[in-house]
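First, one chain by itself: the form predicted alone, in structure tokens.
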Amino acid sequence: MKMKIQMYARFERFWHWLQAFLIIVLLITGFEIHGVLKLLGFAKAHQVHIFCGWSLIILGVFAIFWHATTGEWKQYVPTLENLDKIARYYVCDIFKGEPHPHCKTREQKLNPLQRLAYLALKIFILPLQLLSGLWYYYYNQWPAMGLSGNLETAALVHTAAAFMVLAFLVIHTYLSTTGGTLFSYIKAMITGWEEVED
């Protein structure tokens, strides 16, 4: 039997969608800065990229505060319990129409594989992306700060992290369509309510 529960708080949904929007704009403008796309022109793309980068940093500070004060940080604590079942589900069982082995609750929204993926995104990929962006952006101020380094290395690290973010975004978007219906997970992230097994 299924029941509807409020799975996602208002701020959580706001943060999720604003973060997604900022990351997509950053990827598009970043590719334009690298000459892969031509939409806004280099100068405008650079300006938008910098604005969205700072906006993502500010949003991240609010999200860290929210996670810390609400206890939602516990959602990302990794566990290996049933990790093999979850991996088998995504590799095989999902294509056979088998039920998902993780029963979602308000207290345990994320399955073990999601916990590991989101933890990697939050403590490795996004910080690497943001720090390398700041490193790259403030390159001309390095000597005044007593720092030295290679601009090409900064650019390479920032671009590599961008591809990690893009890979995460593609996988995340695909997996968001694997709920009970094509858009059930997406709808839950818009309304906050999700149907789960009682």
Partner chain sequence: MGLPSRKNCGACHFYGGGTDGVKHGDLDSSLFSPNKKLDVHMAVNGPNFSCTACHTNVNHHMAGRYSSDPAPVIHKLAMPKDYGNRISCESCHSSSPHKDSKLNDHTDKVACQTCHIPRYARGGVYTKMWWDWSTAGRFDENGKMIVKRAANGTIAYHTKKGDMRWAKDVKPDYAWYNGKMDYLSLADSFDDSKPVSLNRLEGSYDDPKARIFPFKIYLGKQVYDPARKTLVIPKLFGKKGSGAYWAEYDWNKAVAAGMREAGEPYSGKIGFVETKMFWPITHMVAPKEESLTCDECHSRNGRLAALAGFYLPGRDKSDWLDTLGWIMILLTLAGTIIHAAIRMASRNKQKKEQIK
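Positions refer to the first chain, counted from 1. What you see is a predicted model, and the numbers here were worked out from it, not measured in a lab.
A second form of this protein, the form predicted together with its partner chain, is not displayed here; the remarks below concern that form.
Checked against its partner chain in the predicted complex, the residues Ala160, Ala68, Leu147, Ile57 give one hit for a heavy atom within 4.5 Å, which is Ala160.
A heavy atom within 4.5 Å of its partner chain in the predicted complex is found for one listed residue only; from Leu182, Ala20, Ala9, Ile190, this is Leu182. Among heavy atoms of Leu130, none comes within 4.5 Å of its partner chain in the predicted complex.
Contact check for Ala155: a non-hydrogen atom falls within 4.5 Å of its partner chain in the predicted complex. At the 4.5 Å threshold, heavy atoms of Tyr90 reach its partner chain in the predicted complex. Under a 4.5 angstroms non-hydrogen atom cutoff, its partner chain in the predicted complex has Ile33 among its neighbouring residues. Contact residues in stretch 154 to 175 (any heavy atom within 4.5 Å of its partner chain, taken in the predicted complex) are Ala155, Leu156, Thr159, Ala160, Phe163, Met164, Leu166, Ala167, Val170, Ile171, Tyr174.
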